[in-house]
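Given as structure tokens, the chain that follows is alone and in the form predicted on its own.
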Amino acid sequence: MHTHTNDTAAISNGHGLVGGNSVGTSAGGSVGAGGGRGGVGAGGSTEGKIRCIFLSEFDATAGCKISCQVPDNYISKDVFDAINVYIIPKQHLQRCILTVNAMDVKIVGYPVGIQDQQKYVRNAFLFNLCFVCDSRARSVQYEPVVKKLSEYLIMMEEESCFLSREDDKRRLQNIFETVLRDLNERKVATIVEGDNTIHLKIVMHKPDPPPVKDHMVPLLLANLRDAPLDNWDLTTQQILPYINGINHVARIAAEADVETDLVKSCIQNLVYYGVVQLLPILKYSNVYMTQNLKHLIQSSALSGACRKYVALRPDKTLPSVQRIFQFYASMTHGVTLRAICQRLSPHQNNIDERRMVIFGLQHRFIRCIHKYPVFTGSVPSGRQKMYTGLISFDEICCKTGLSPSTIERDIEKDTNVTVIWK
């Protein structure tokens, strides 16, 4: 975020800050020409409503002015006069999102210049549609809406001089009132003006998920397989049949015959939209720890869903909550999944232990305790270079193509390697 005195403004166009006495790199909420999926505000920025929508234009006589504003006078004349040089900027800043954070407000605009020597006094009509938020509010989610609504107004102006004619200012105010109310209340708005219709929607931006690695296991959180494949890109169509909560990324890439980097990008995108969750590789040598297990007992809906999900034979009597709870409660440090299965015989109780682990990880009843080998000698060689304490057994197995038992035997023989569980 940026802090400014009353005589200093910061303007961001996606490349940096320009103007006033404050020049620096754009951060967090002050993002122009916004990109990708990111855009989480920094410095304590908050989700905020649109406080005002206004249209500024350059008048041949009066200069830069606000010609329409909802609610009226939210941006006072004093505030506007202090920052109007950034609202109607030079030509090289036109047709891109600009964010001005000054005078306790944050203004997101899309300045436009329409050239026409016959229609306009100064051979061009300069205007800027702006959304106003609180100065510490996150505003990147409004950028696509501002641009789309501006393009709609450009079309209306070119067709019928909708913006430059004073007679249409009341209609424009009605549009702004509808957009302000509907976007704040429902995050969507529809404007119908003559034969022209526009649909606006605020899409909340989230931070990019962490990079997807070869050893991670994607689990579908929604039943996407029933959706028509035409709704998905080609990579998603190819890998979707292999996403089952068991296959890791490298195996999915191999079986689907798709380049690993493409699979990673595709899965990261699905994680971003909340339809895939990443889990550790399921191995019988894994050790799990319980957490928040009480929720399984307290919620009848959750326990019912768990009984159906973990059933080995859904057509038979579903496993009891007590048996499921006993299985989860047996997970503790130093006890492998194999040892628990040998002791409790889940198949005899109609329990699929793999689906039970997946359900527990998905709902965060349990977490996997990972092993990280650390080389404590002087000069590492070969695989010892991977034993940094930052790379887990799963990742090492995927990178080397070796089984966990092979890696474990190597480590047991090597007195210079210690294993950390975390």
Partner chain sequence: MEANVNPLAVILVYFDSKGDRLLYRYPYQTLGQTEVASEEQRKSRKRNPFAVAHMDDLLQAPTQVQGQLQGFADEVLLALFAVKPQLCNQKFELKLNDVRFVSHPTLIPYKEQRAGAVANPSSTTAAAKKQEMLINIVFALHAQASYSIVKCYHELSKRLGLALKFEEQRCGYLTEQMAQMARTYDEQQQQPLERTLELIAERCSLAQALRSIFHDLCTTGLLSTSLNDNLTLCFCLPAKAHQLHKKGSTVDPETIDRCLRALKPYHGMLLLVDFAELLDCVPPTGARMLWQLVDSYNPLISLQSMASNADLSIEHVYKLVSHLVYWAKATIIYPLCETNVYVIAPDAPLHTKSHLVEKFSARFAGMSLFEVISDFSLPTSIGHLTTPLQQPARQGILAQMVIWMLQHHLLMQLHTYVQFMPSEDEFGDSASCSNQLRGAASDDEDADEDEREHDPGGSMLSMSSQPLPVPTVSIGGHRRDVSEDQSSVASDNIVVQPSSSHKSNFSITASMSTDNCDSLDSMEDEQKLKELLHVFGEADRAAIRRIPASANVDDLSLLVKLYQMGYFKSEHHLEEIMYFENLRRSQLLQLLDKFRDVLIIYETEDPAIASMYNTK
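Positions refer to the first chain, counted from 1. We call the rigid core the largest set of C-alpha positions that still match within 1.5 Å between the two forms. Model, not experiment: these values are computed from the prediction.
Here the subject shifts to the form predicted in complex with the partner chain, a form of this protein not shown in this document.
S.K.: Flag W232 as yes or no: does it have a non-hydrogen atom within 4.5 angstroms of any non-hydrogen atom of the partner chain in the model of the complex?
M.R.: W232 lies outside the contact set for the partner chain.
S.K.: Is T388 close to the partner chain in the model of the complex, meaning a heavy atom pair under 4.5 Å apart or at it?
M.R.: Looking in the model of the complex, residue contacts with the partner chain include T388, since a heavy atom lies within 4.5 Å.
S.K.: Taking heavy atoms only, is G113 within 4.5 angstroms of the partner chain in the model of the complex?
M.R.: Close contact is absent here: in the model of the complex, G113 is far from the partner chain, nothing within 4.5 Å, heavy atoms only.
S.K.: With a cut-off of 4.5 Å between heavy atoms, is T376 one of the residues that contacts the partner chain in the model of the complex?
M.R.: Yes.
S.K.: Which of these residues, E185, E177, D72, D208, gets a heavy atom within 4.5 Å of the partner chain in the model of the complex?
M.R.: Partner contact (heavy atom, 4.5 Å) among the options: D208.
S.K.: Please pick, from Y309, F325, F125, Y242, the one residue with any non-hydrogen atom lying within 4.5 angstroms of the partner chain in the model of the complex.
M.R.: Filtering the options by heavy-atom distance leaves F325.
S.K.: With the partner removed from view, which of 185-193, 101-109, 158-166, 251-259 is the stretch that lies within 4.5 Å of the partner chain in the model of the complex, judged by heavy atom distances?
M.R.: That would be 101-109.
S.K.: Counting only non-hydrogen atoms and a 4.5 Å cut-off, give the residues of 272-304 close to the partner chain in the model of the complex.
M.R.: Heavy-atom contacts to the partner chain in the model of the complex: Y272, M289, T290, Q291, N292, L293, K294, I297, Q298.
S.K.: Taking the rigid core as the frame, does L93 move its C-alpha by 2 Å or more between the shown form and the other one?
M.R.: Result for L93: yes, a 2 Å-plus shift.
S.K.: I want to check V310: does it shift between the shown form and the other one by 2 Å or more at the Cα, with the core superposed?
M.R.: Comparing forms between the shown form and the other one, the V310 CA shifts below 2 Å.
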